[in-house]
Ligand code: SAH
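Single chain ahead, written as structure tokens, the form predicted alone.
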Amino acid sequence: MSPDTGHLALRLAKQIEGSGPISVAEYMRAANSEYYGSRDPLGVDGDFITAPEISQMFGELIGMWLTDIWLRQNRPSDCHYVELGPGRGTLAADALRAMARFDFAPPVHFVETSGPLRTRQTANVPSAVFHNSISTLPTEGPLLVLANEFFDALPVRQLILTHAGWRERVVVRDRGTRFAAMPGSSAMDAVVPEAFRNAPVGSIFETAPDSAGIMYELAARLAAQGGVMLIIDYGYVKPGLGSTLQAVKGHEYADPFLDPGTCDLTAHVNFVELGNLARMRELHVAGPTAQGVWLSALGINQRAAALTQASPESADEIRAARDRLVKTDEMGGLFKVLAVHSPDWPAPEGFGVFPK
């Protein structure tokens, strides 16, 4: 246990002992703030790997996707490239390189609070302007917003059905650096959708108020300023019951209630809610669709063939990366893609025909 982690566990334990249990959302928020603020968690030597780190093809295709929309929108000169939680900046570097081939070089804005990650991002995209939140993003000019594995790391609120009714799931201290979740005392029946209120005892319903707030605000920005937002994450396309909270450490699943701040806590993204929030702002929605289907529609097979032709010695590596990104039993099926855009912008490619 590192000194920083011990400090977080001690702080949470003292808070719980002094003020009572905290919500799962508050626990997740504190744990991830410590986790991302103290390290670069990406790569083979880290805890997990994201699609941009697997292959340059991922970021390049996103760059071409953005360029296509920009060209069909008659090349607006005042666009801003915005990325939420941009990892090491790899996606942005690859996307911007592809966009530059068409003389498309918008200003870059990163919404990032992690010091270690900002250092890596600056090395990859020196021109990036950093923001602690979406509130300071430009208020004029269209926004091209990317959120790759961003929403899954935001806190979820969990409600659990007991014999006495729905209660918020809260975190209490167990022992040492271990905590435990249990039903709280406040009635939460009114928060649960009618369709789930008569579920079996022990059922868990999740909401993501932080995600909803960010999505609603960005949707307002897109409605007012124009532009498009691309969300890529793992999640579900039909609301349901069950805890999706999980922890990853050293590329393996871990106990989310042990040693807070030492592992990545995530939860599945509710794509239905994100799409509905965009519709509330009168934006148009495309998807969600599977990442593999979307990347294939954008031409990942052709890009892999071109890279293989240029570097035959890397053919196996390129093929393996492509398979990991598109196969249904890997990221291609687990991850979903959702796009929203202002009504006066063209429909994005890769989604087929969808109702507005």
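Don't overthink the numbering: it's just position in the shown sequence, from 1. What you see is a predicted model, and the numbers here were worked out from it, not measured in a lab.
As for the form predicted together with the named molecule, it is not shown, yet the points below apply to it.
A93 falls outside the set of residues with a heavy atom inside 4.5 Å of the named molecule in the predicted complex. Remark: E206 does not count among the residues lining the named molecule in the predicted complex, judged by a heavy atom distance of 4.5 Å or less.
Residue contact check for L42: one or more of its heavy atoms lie within 4.5 Å of the named molecule in the predicted complex. Taking non-hydrogen atoms only, A153 approaches the named molecule to within 4.5 angstroms in the predicted complex.
Here the chain stands alone, but in the predicted complex its contact with the named molecule, taken as any heavy atom within 4.5 Å, falls in 80 to 88 among 279 to 287, 159 to 167, 240 to 248, 80 to 88. Among the residues N198, S186, T113, T119, the one placing a heavy atom within 4.5 Å of the named molecule in the predicted complex is T113.
Looking at the named molecule in the predicted complex, residues Y36, T50 and E149 each place a heavy atom within 4.5 Å of it.
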